[in-house]
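Consider the single chain below, provided in structure tokens and representing the form predicted on its own.
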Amino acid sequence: MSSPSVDQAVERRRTLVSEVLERPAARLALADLPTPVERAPWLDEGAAEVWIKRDDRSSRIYGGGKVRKLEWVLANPPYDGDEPIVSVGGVGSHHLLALALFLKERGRSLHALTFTQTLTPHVRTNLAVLLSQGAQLWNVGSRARLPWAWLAYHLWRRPERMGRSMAAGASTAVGCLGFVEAGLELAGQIAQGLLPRPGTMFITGGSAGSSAGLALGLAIAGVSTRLHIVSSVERWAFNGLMYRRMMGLAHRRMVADGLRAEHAEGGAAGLLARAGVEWSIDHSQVGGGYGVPTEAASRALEDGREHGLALETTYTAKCIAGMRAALRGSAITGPVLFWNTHASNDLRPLVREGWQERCPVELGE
């Protein structure tokens, strides 16, 4: 384990989660919180008034939702040592990119088991930055072949020092605490009058950690709402069974950390029911699969650009497309919130000359 440092003392500061747990976990100081909320009339549909939670502004290094989870995951066992981290994702994965950037800040490295995805300009930039930051990639041609990447890593292309394995998206019970904190943060902004209580919230989903933590945080804060989760992956990769499991893991972790009795009774399902927090998973925007742009997502991407909102077609543009489809002609009225989990940082200055020489993907022209 790495020796204590000055910033590790700061990392154990009081947090919103600390107010509901007797023995809160440690937390790194990686994010700039709270992130702002703002009205977005250009997204209004029918009688719905749309607001945006600007998590794209959550860090000067790399914003979006990933940093919220990494604050907690990298501060606690088994990821608080000095060894490399090995995790999985597409070659343009935001999770892998966030890991590479924040690990490098702490003198650590990333080993990435990757699969080739549609090389949009955004994905190509992410890949260039990932390689420029020194990440080592074990790549295969598709998600279905990821077991071969795992075998290569452990058998015939073993690194000099093996990495500590981390779940995709940093979606662990501890990682969920980042979005439990986010739910409590939003509740505070509602109480301050910075926005009205949204009757419906839209957030993207893939590995379940962000949306599961958010539902629990909102329920603990007593914010009655419906969480509409627009999936970026097929039903077999993200569904209600997986979502309930992730919420259960996170809730049990909080109970073990001393969650107040009024929030512990009845498990995660009981907590949500008492608070009036409902959820649903929407697979209508998956299109050709993970990372494959759709026409509706491409339109949302361009609309966002015109209004100063950076999106991408794997997650957040598909989420806006799903929100528009859900609101169009529906009975939803009043305040609606879109939770923007994408980072708005311009990473192009981080691209280093010669990254293509280490690239495992055919880039074409």
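Sequential numbering from 1, following the sequence displayed. Computed from a predicted model, the values in this text were never measured in an experiment.
One more form of this protein exists, namely the form predicted in complex with a small molecule; it is left out here, but the text below deals with it.
- In the predicted bound form, none of the heavy atoms of G178 sits within 4.5 Å of a heavy atom of the small molecule.
- For G205, a non-hydrogen atom is located within 4.5 Å of the small molecule in the predicted bound form, even though that partner is not displayed.
- Although the partner is absent from this view, D56 stays clear of the small molecule in the predicted bound form, with no non-hydrogen atom inside 4.5 angstroms.
- Although the partner is absent here, K318 sits far enough away that none of its heavy atoms falls within 4.5 Å of the small molecule in the predicted bound form.
- Heavy atoms within 4.5 Å of the small molecule in the predicted bound form are found in one stretch of 207 to 215, 189 to 197, 127 to 135, 105 to 113, which is 207 to 215.
- S171 is the sole member of Q117, T225, Q285, S171 with a non-hydrogen atom within 4.5 Å of the small molecule in the predicted bound form.
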